[in-house]
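We begin with a single chain expressed as structure tokens, specifically the form predicted alone.
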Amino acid sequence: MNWDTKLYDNHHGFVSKYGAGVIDLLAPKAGEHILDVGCGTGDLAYLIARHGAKVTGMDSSREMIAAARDKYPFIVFDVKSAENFSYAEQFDAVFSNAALHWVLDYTGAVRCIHRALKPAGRFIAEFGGKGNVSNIREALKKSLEQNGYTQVANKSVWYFPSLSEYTSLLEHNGFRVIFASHFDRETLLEDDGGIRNWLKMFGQSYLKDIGSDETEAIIKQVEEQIRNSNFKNDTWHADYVRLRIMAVKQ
């Protein structure tokens, strides 16, 4: 994906807003070295650093990393893929917010995170869980199929596991899970673009090769399908379902 970092920062600030709660679970300490996997434009890495921890951020998007380096030049940011990364040193903790549902080689990611941690190091993450944006996904798939894009509609873009699936994955790869929660979090899309901007940002893997006129038609069809469920008090909402995890390396 080619991320529009200005659209991301200006219209999807809820990503970092809700991530602040995950930092509370991380409870970073002064002097710790913490790896932020899928750091985006660096806002949460900065909040972690404010606790006195040394932070290294990584993201597979060159656009995101360029923006992060520009905003926070005193933090180290690397272009690396969560599916296959390594560092010469090990970290006290690995943190990740709203990123791991983009990683289809989820086993590879868990193994890389395990290797990156010191013994007894902790892994704290939040990302989309089973049922995440199901209304939006079902409407988009239906609209794509109706417009002749059946193959595109059936692409695998996200990984939204159940709580039992992901905790089992962690346990089979050397972690002890000490906290896990699977919960609904309906999220207000505050900008005027609403679902339209959400689809252009997060659904671009489905829409990028479709002409602009057809894309507009598809977005309008999605809006109409989910208006009763996702448009409330004159504002669009995303039907988010999240997994929040804390585990330690055994």
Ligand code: BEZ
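All of these numbers come straight from a predicted model, not from anything done at the bench. We number the residues from 1 along the sequence you see.
Same protein, other form: the form predicted in complex with benzoic acid, not shown, and the subject of what follows.
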Sole residue of 101, 80, 141, 114 within 4.5 Å of benzoic acid in the model of the complex, by heavy atom:
101
Just to be sure I understand the contacts: of 160, 175, 72, 149, which is the one whose heavy atoms reach within 4.5 angstroms of benzoic acid in the model of the complex?
160
Heavy atom distance at most 4.5 Å to benzoic acid in the model of the complex, all of 33, 56 and 123:
no
So if I measure heavy atom distances to benzoic acid in the model of the complex, which of the stretches 34-42, 214-222, 195-203, 63-71 falls within 4.5 Å?
195-203
Taking benzoic acid as it sits in the model of the complex, is residue 135 near enough to touch it, meaning that at least one heavy atom pair lies within 4.5 angstroms?
no
Can you check whether residue 242 is within 4.5 Å of benzoic acid in the model of the complex, heavy atom basis?
yes
